[in-house]
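A single chain, nothing else alongside it, follows as structure tokens in the form predicted on its own.
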Amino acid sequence: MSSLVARAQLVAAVAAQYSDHVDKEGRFPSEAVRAMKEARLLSAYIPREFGGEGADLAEIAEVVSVISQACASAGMTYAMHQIKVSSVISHGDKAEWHQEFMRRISSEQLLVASATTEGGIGGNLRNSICAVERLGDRFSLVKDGTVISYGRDADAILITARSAPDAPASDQVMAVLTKDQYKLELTGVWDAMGMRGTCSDNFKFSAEGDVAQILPNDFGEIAAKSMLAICHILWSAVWYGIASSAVSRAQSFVRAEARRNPGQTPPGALRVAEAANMLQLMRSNTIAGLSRFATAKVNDDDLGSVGFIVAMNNIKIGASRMVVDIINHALLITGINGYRNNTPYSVGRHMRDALSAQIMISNDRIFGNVANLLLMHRLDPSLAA
């Protein structure tokens, strides 16, 4: 067992103690995140030269899955942190300010959040209303109505904005701002069906910083060549963790039934086999995404290709659909014991958390984008990676 997985299991043990409380109270999974920091998991993805461990994406996905099996909100928080860290790694590794920021994440175990959405843009993260206003080597920006998951508990936030007040909505940059550089004014409270512990409140965000804190590449390149692919893969790892936990509870229920009635095959046993089959397909879907991304990373043309974008979008769509189907199977197996919230076989929290999957970057929006791409791109019929 790798050191990362062993440490993730320690975090998961902490997360499991508080997961129901986090859900019921809609509060940040502070105990689990504290355990992540103590285990130095927040810097696992950062290259060794900047104080991290240089883990690859497959290792990070495994950590995400392990934690998500215990608490989806904690797993999603870890995933979103690493998604933001990946942007700094991929697009700021040659810039002195961002190199030092990675060293700070490593030494101080900083938790990084994201502010890519904005009121008035309909959930399209590739458009911004707010803009960076530069004055010499300083800049300021105000972003209204932005959803910032765990914003009040983050140590730094990566935020998107138009590159200048006269720039078009799609001409965006991404900047890193630390907690001492921004103010958050709460404008809407996160009271949601599931993923309640992510505390994805709405804020008016205002900040000032050095121009050096703006990532060198424009946000369109950041999104296309790293962020969205890593987003879809790590989100899929979260959903796989939730599904795995639900199937485990269903399997435990059937085993308990078998012990009570020796010599008889419980009626839910067949559905457990079906759920295990679906879980394997979901696992294969995520592994395929990891493999495709690893291949594309060594070929910049492939990384920006239509085929790669379609493949990554399909990873997200597939995982977000399968997780709900798998948990529904677990519910059919456990029956009223799974439906109730106060039994060891409950999958209510799992289902509510999983229902967020299809609307985190809406599947309808993704299908619309893929449909347009497929008008000019031939599907690859081969089985080769």
Partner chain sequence: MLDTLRPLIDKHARLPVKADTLAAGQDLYAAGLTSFAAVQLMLALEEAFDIEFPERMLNRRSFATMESIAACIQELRPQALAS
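In this text, all values refer to a predicted model and were calculated from it rather than measured experimentally. Residue numbers count along the first chain shown, from 1.
There is another form of the same protein, the form predicted in complex with its partner chain; it is not shown, and what comes next is about it.
J.: Report yes if any heavy atom of Gly304 sits within 4.5 Å of a heavy atom of its partner chain in the model of the complex; otherwise report no.
T.: Looking in the model of the complex, residue contacts with its partner chain include Gly304, since a heavy atom lies within 4.5 Å.
J.: So in the model of the complex, does Ser140 come within 4.5 Å of its partner chain, heavy atom to heavy atom?
T.: It does not: once its partner chain is placed as it appears in the model of the complex, Ser140 has no heavy atom within 4.5 Å of it.
J.: Heavy atoms within 4.5 Å of its partner chain in the model of the complex: does Lys24 have any?
T.: Because no heavy atom of Lys24 falls inside 4.5 Å of its partner chain in the model of the complex, the answer is no.
J.: Could you confirm whether Pro168 comes within 4.5 Å of its partner chain in the model of the complex, counting heavy atoms only?
T.: Contact check for Pro168: yes, within 4.5 Å of its partner chain in the model of the complex.
J.: Counting non-hydrogen atoms within 4.5 angstroms of its partner chain in the model of the complex, say which of Glu208, Asp144, Glu257, Asp218 makes the cut.
T.: None of the others qualify; the residue that does is Asp218.
J.: Find the only residue in Ala95, Ala224, Ile121, Ile287 having a heavy atom within 4.5 Å of its partner chain in the model of the complex.
T.: By the 4.5 Å heavy-atom cutoff, the listed residue in contact is Ala224.
J.: Counting only heavy atoms and a 4.5 Å cutoff, which of 305-313, 233-241, 153-161, 200-208 contacts its partner chain in the model of the complex?
T.: Among the listed stretches, the partner-contacting one is 305-313.
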